[in-house]
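As structure tokens, one chain now follows by itself in the form predicted alone.
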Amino acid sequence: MELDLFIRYGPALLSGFGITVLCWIVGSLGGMGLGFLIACLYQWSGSWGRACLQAYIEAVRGTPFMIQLFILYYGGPSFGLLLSPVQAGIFGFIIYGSPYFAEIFRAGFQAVPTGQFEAARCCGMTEWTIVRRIVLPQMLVSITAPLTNFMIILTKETAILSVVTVPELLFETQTMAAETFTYIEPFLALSLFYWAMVEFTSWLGRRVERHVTRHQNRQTP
């Protein structure tokens, strides 16, 4: 293993890792926010609204992420949408992740008994207050594990961003391999970077799960 390769290409790999983390975090949080909005609209919309939201969910889930990126980046200029590779990667992540997050949140809504919604409305609570004070504390218990699992999936989906020339980790690794004709070192480093991201996400998910379920672990005297 030639360590001087990492000294020479280390800055480029770290830069690619930074862009990977940027696209992953911003895209995932944006997709989570849009997914939560879709889930809320689905919960309180009529039949026509639910049909439109379901059509969006099925359309995005039914097409590969790579094709969505191609349409967004290469087809966007046809509609006046000019995006840089990084912008296309972030918006692509938001669009791709939103229906999956929406389904996770929708399952969380369904886990809360209907009677609690009705009791809160009888007490004069607004819909937002019901969500914030009653629904969210309960649904977080059931959706923390699915959210963590999907966030882990999204960490590895960042590798697809290289197809639209996003200078992320895989793009820089391929550049290093092409210029040096070495493949073990670059892709070993790539694997370690992704492993670190997955382990960090798993650790954070466990911390959040312990926090939201702490009331279930209290021992009665």
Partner chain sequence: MDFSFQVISHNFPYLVSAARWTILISFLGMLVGLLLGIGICAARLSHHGWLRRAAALYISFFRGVPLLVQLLAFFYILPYAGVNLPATVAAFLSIGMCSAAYNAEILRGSLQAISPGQREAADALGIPPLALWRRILVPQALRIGLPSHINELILLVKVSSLASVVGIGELTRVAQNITGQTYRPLEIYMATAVIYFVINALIAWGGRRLERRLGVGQR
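Positions refer to the first chain, counted from 1. Every value quoted in this text rests on a predicted model; they were computed, and no experiment measured them.
Separately, the form predicted in complex with the partner chain exists; it is not shown, and the next lines address it.
S.K.: Looking at 85 to 93, 70 to 78, 102 to 110, 138 to 146, which lies within 4.5 angstroms of the partner chain in the predicted complex, counting heavy atoms?
M.R.: In the other structure, the partner sits against 70 to 78.
S.K.: At the 4.5 Å heavy atom threshold, is G49 in contact with the partner chain in the predicted complex?
M.R.: Output for G49 is no: heavy atoms all beyond 4.5 Å of the partner chain.
S.K.: Flag Q43 as yes or no: does it have a non-hydrogen atom within 4.5 angstroms of any non-hydrogen atom of the partner chain in the predicted complex?
M.R.: Q43: no, not in contact with the partner chain in the predicted complex.
S.K.: At 4.5 Å between heavy atoms, is T175 in contact with the partner chain in the predicted complex?
M.R.: No, T175 sits far enough from the partner chain in the predicted complex that none of its heavy atoms falls within 4.5 Å.
S.K.: So in the predicted complex, does any heavy atom of G33 sit within 4.5 Å of the partner chain?
M.R.: The answer is no: G33 has no heavy atom within 4.5 Å of the partner chain.
S.K.: Which residue, L22, L14, L204, V198, has a heavy atom that falls within 4.5 Å of the partner chain in the predicted complex?
M.R.: Result of the distance check: V198.
S.K.: Ok, A189, V26, I160, L53: which has a heavy atom sitting within 4.5 Å of the partner chain in the predicted complex?
M.R.: In short, I160.
S.K.: Quick one: name the residues from 51 to 75 with any non-hydrogen atom within 4.5 angstroms of the partner chain in the predicted complex.
M.R.: Result: E58, A59, R61, G62, T63, P64, M66, I67, F70, I71, Y74, G75.
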